[in-house]
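A single chain comes next, written as structure tokens; it is the form predicted on its own.
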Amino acid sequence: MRYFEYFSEQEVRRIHETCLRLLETVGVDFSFEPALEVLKKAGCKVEGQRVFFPPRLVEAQVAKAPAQYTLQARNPDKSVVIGGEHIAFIPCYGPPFVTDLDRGRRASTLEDYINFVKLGHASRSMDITGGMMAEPNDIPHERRNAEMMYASMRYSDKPFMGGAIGAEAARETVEMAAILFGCSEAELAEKRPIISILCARTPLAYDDRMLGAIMEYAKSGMPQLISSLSIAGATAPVTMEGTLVVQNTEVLAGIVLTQLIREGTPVVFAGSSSCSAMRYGTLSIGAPEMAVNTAATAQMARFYGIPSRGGGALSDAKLPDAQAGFEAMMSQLMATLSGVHFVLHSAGILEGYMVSSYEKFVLDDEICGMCKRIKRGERADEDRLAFELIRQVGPGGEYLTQKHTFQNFRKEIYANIVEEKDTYANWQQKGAMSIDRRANRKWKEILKDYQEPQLPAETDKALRRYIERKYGA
């Protein structure tokens, strides 16, 4: 499949060279002494917390990151390839609130988190269970990561996202994953069952928590998204090109650190930049500029030969309404058409990363199914052109009752989850339900019918003992 691109090869090279110039002459702040020591030893000039990167060092280290790798699932049939022609969809991440049509908007709990793990597990389009899909505000802060990791490990056998709130959460995630797979940490580095997201503090800085986690995961050989969320008109220039330069500079700096810690550490070139809604002074993720950045991020990642992250079913809407629908499809489809490999926030996000919606999760899952159908591509070979069939049916014929149709329609035509395609009369007889109401009914059905993947009892006990030793029963 050909990819949508904004920039010529010459423009991509100009963007890259601008970033190298910034890294060398302006630098990036690193507020973590161990990181400063690593970078200084590698030949970077360090003044206080400011790090200046030699261009040759940047290019040499970025070239060491692999172009493709596999995240191994507890169920081998659900392992996920990151890179190449593959695309992976991952649910919402980070919201402190949840909403549904029955109870409205509220602070999320561990029960909500577990529900979203189950929805992600049951989804036919979500490839990775997710990370902090709904922050469990009813769990003490220091214990939250362990309980979320346990839920991800128990209630799904897909790969999952690790903790990203500092070195301790990263270390905890790796140790629990080793228990889950019954292996040493050295063996875990070959399996790569987890991936995490570590973000710059834009503009042009990294804080100690993110740097601690970056270094911990890199030491363990675990894949990680090195991410930037630059906001055009607020934390970056108002032009999308200027925002891309800030984002690109931050991501390159982070990737250099990962490779200096452990050469060949798998990374994802992760862009999530957008613009400010200038009338309100807020971040807007449902803007067309977000989709522009998604395509630009994918193109820059191809230039470096590294898997990309961008897009998602993103929206600033407060409800799973028409705004949520058109914003989500715009961003998700752009990620698909531009060649993004890792699409975070593919299901459930509302209100600019603040809210996870049960109904929108189901509706976005529908969007993801459509996008995967588009991503699958087509080939104009003799069989698919169907000349013989068309000749046999001839003018004025029909194809509905043809054997060819029965043999192929399930794999050729996308089967919807909640879309309404029946006649108006039949729709009325079924209750004339709006799509958000159908989504409300659907997520409840999914949770009711959910079947927990088998986790060996001894492994489950070992994970609980690990948590109880650290935090108490």
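None of these values were measured; they are calculated from a predicted model. Heads up: residue numbers just count along the shown sequence, starting at 1.
Just so it is clear, the following notes concern the form predicted in complex with a further copy of the same chain, a form of the same protein that is not shown.
- At the 4.5 Å threshold, heavy atoms of Ile435 reach a further copy of the same chain in the model of the complex.
- Mapping the unseen interface onto this chain, Gly397 counts among the residues with a heavy atom inside 4.5 Å of a further copy of the same chain in the model of the complex.
- The closest non-hydrogen atom of Glu351 lies within 4.5 Å of a further copy of the same chain in the model of the complex.
- a further copy of the same chain is not drawn, but in the model of the complex it has no heavy atom within 4.5 Å of Glu172.
- Contact here is defined as any heavy atom lying within 4.5 Å of a further copy of the same chain in the model of the complex, and by that definition each of Phe7, Gly242 and Tyr280 is a contact residue.
- Pro320 is the sole member of Gly163, Pro223, Pro320, Pro307 with a non-hydrogen atom within 4.5 Å of a further copy of the same chain in the model of the complex.
- This chain lacks the partner; the member of Lys64, Lys444, His404, Lys45 within 4.5 angstroms of a further copy of the same chain in the model of the complex by a non-hydrogen atom is His404.
- Heavy atoms within 4.5 Å of a further copy of the same chain in the model of the complex map, among the stretches 183-191, 108-116, 384-392, 257-265, onto 384-392 alone.
- Contact residues in stretch 225-253 (any heavy atom within 4.5 Å of a further copy of the same chain, taken in the model of the complex) are Ala232, Gly233, Ala234, Thr235, Ala236, Pro237, Val238, Thr239, Met240, Glu241, Gly242, Leu244, Val245, Val246.
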